[in-house]
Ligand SMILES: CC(C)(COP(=O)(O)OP(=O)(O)OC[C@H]1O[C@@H](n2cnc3c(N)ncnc32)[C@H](O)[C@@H]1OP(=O)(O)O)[C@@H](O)C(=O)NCCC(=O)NCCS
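The form predicted on its own is given below as one chain in structure tokens.
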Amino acid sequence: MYYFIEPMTEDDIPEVQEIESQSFITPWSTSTYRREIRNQASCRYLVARSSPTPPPPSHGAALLGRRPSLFSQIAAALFPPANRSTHSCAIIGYGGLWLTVDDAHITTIAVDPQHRGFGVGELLLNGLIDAAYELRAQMLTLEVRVSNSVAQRLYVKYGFQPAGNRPHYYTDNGEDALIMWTESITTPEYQLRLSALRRQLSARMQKHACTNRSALRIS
């Protein structure tokens, strides 16, 4: 199975809401998604899709923005040339962020439960980092449940560090949110770190795609 990301459109909202209902207790309304998608000055929303065959390379490059050298490390490995419509490629994850002054606040990331564990969330996070660069953000921030250690480990890997708590932030059970921030994402040090992480993710997802191809041939 191949995974790729592209900008969310209003037509994607019903599929996104299906995944959201499996991931969060308090889903967003359709009107909220429409408002966010239309606000291109300060918002970016993405979807992840799955495909049994490689999607067109243009979809790997759709979010490169001003920094093609960074994301191309994943795109070149995962998205070899092919002619394929994305209409038959199911949405299996999504994510979004807001720009506040010069900080990009990641508002949401969710992956269909059947596709978790294959790097889709990490792929979405990389797409959001590229979106932050496109919006000329200097740092990234987010909130995550204090009990969600899996997500926290991913964020720490990408330079996020704990910076405080929001007590009783989650309305479904009153759980606290851990606030996390990166240092500047524009420094050469961060970009080198990001490049290394993307090479690792590319290798991981290539291996997954090859394993699935072998399984299909055997069956």
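Don't overthink the numbering: it's just position in the shown sequence, from 1. Here the structure is a predicted model, which means the values were calculated and not measured.
Just so it is clear, the following notes concern the form predicted together with the named molecule, a form of the same protein that is not shown.
Of the residues L154, I185, A177, C43, just one reaches the named molecule in the predicted bound form with a heavy atom at 4.5 Å or closer; this is L154. Between the named molecule and the residues L140, C89, V111, L128, the one pair within 4.5 Å by heavy atoms in the predicted bound form involves V111. Only one segment in the set 187-195, 23-31, 44-52, 159-167 has any non-hydrogen atom within 4.5 angstroms of the named molecule in the predicted bound form, and it is 23-31. Using a 4.5 angstroms threshold between heavy atoms, A132 stays clear of the named molecule in the predicted bound form. Proximity of H105 to the named molecule in the predicted bound form falls outside the 4.5 Å heavy atom cutoff. Residue contact check for V120: one or more of its heavy atoms lie within 4.5 Å of the named molecule in the predicted bound form. None of the heavy atoms of H208 is located within 4.5 Å of the named molecule in the predicted bound form.
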